[in-house]
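The chain that follows stands alone, in the form predicted on its own, written as C-alpha cells.
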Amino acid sequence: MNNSYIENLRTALTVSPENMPLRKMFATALLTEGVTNEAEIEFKKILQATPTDLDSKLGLTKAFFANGKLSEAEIIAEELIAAEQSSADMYLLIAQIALKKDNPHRAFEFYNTAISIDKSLIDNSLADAINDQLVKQGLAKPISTISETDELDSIFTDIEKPKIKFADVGGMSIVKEEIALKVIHPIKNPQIYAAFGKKIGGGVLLYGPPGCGKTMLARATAGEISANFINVGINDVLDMWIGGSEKNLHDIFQTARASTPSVLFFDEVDALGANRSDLRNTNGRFVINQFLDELDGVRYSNDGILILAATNTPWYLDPAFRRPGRFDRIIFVAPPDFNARVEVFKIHLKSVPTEGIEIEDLAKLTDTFSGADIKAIVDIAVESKLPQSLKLGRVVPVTQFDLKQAIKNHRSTTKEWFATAKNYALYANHGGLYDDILKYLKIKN
C-alpha cells in the first residue's frame, strides 16, 4: 500500500463523505500505514454514524493502542467481551494492552484464548515477552512458543464403541422416542432429513434427578447407531493453567469431528456451563464462551456430531446453551414408572441367583425410586446372602423377602431432588421449561 492509494481514498471521500464503507477503507488504510492519529479520527466518525460496526470498533481499539491510549482501548475491548461480540483479534489486542500495562497474568490469559480460537494468530515474540514478565514476577507457568503448523499436543482420545442399545435400558419409552427423532432417525434416514434441509447433528440436554439413567441412555444412543462415544467429564476439560480449559474443550470437539458419526456426551454439564451472571472470575466465562462457540460450529462443522449433555440442576445452566442450534431439545428424564421399574429389576436380577421372585410386587414398593436406587436394592439383597453362602459353601439364592428388606433399608434418592425442583418449576418456570416436573408431581400451575 502506498500514499497515493490513501490520497485517492481521501479525494473520493470529499465527493462522497457519507459513504461509510469507503470511509472504513480509508481508516483501515491509515491504520495499516501507521497514520494512527488520523485513523482514530476516522473510526470515530464511522462509529458516530454506525455505532454497532464491530470492525470499526476493533479498528478504533487498535488506533487507541497505537496512540498509547491504553485505558480507552481496554474499555472498548471489555465492552465487546461483555456483549459476547469479541473476536480472536480482539483477545490478542487485549493481551498486548495487558502486557503494556505490566499485567502479564492477564496477557497470558487473553493470548491463550486468542490462539485457541485462531492458531494463525500465534505470535512467538509476544509469547516470549509475556513469558519474560511472568518469570520475573513468578506468576505462572511460561507459555510454550509454538509454530502455526504444530500438532495438538494433548488430543482427547477416550473413544469407545458402546454395545448396549435402548433395549438394555429399562423403560423411558417417551425419552427414547424423542432422542430417536433428534439423533437416531437422521443417521438412519439421511436422505429424508436432507430433503427438509436438516443437518445430521445437534444438541439434546437430558435433565432430572440423579441415578435415573441419563448416562446409560447416552451410551445406548451411540450403540443404536454404531457411533463413536466420547464421554466427557469436568476433569477432562478444566485445567489449572489459564487458557488450558478452552484448549482442552476445543481438542475434544476436534476429536469428535475427526471420528464422525460420534456422540459427544457431557456429564454434569452445569459444571462447565454455569450461568455467567453467577460467575465471579473471567476464566469461567471464557470456558463458557468457548463451549458456545464449539456448539455453534461456525469455525468448524459439527455435521455428524450428536451432542448430548446431562445435568441434575438445569436451573444453574447458562440460558445461552438453550438457544436454537445448541441444546435446543431439553428432555426430562423422570424416575422409572411401574413398567420401567419392572424392566430395571429384570436387568439387575438377570445374573443373580434368585428364588420365588415376584418382580411386579417389588415394582409397586419402589415408586419414586431411581434406576440407581433399584440397583442398590439388589446389591444390598445380594450382600445379605453372602455370609450365609460362605458359611454353607454353596450359593444361597436371593428371595423376595431379602429384596423387600433391602427396600425398607434404602431411601429413595429422588425425593430430595424433587423438593428443590418443585420450587424452580413453580416460581422460575420461564417458557414452561419445567412443565414436565409439574406434570410428574401432578401439580397444576
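Every value quoted in this text rests on a predicted model; they were computed, and no experiment measured them. Residues carry their position along the shown sequence, with the first being 1.
The same protein also exists as the form predicted in complex with a small molecule; that form is not shown, yet it is the one meant from here on.
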Residue (of Ala180, Ile225, Ala372, Ala88) lying close to the small molecule in the predicted complex, criterion heavy atoms within 4.5 Å: Ala372
Contact assignment for the small molecule in the predicted complex, among Asp168, Asp123, Glu72, Asp328, heavy atom within 4.5 Å: Asp168
Options 215 to 223, 360 to 368, 180 to 188, 254 to 262; stretch whose heavy atom lies within 4.5 Å of the small molecule in the predicted complex: 215 to 223
Gly233: touches the small molecule in the predicted complex, heavy atom cutoff 4.5 angstroms: no
Touches the small molecule in the predicted complex: Pro314 (any heavy atom, 4.5 Å): no
The small molecule contact in the predicted complex: Gly211, any heavy atom under 4.5 Å: yes
Ile347 within 4.5 Å of the small molecule in the predicted complex, heavy atoms: yes
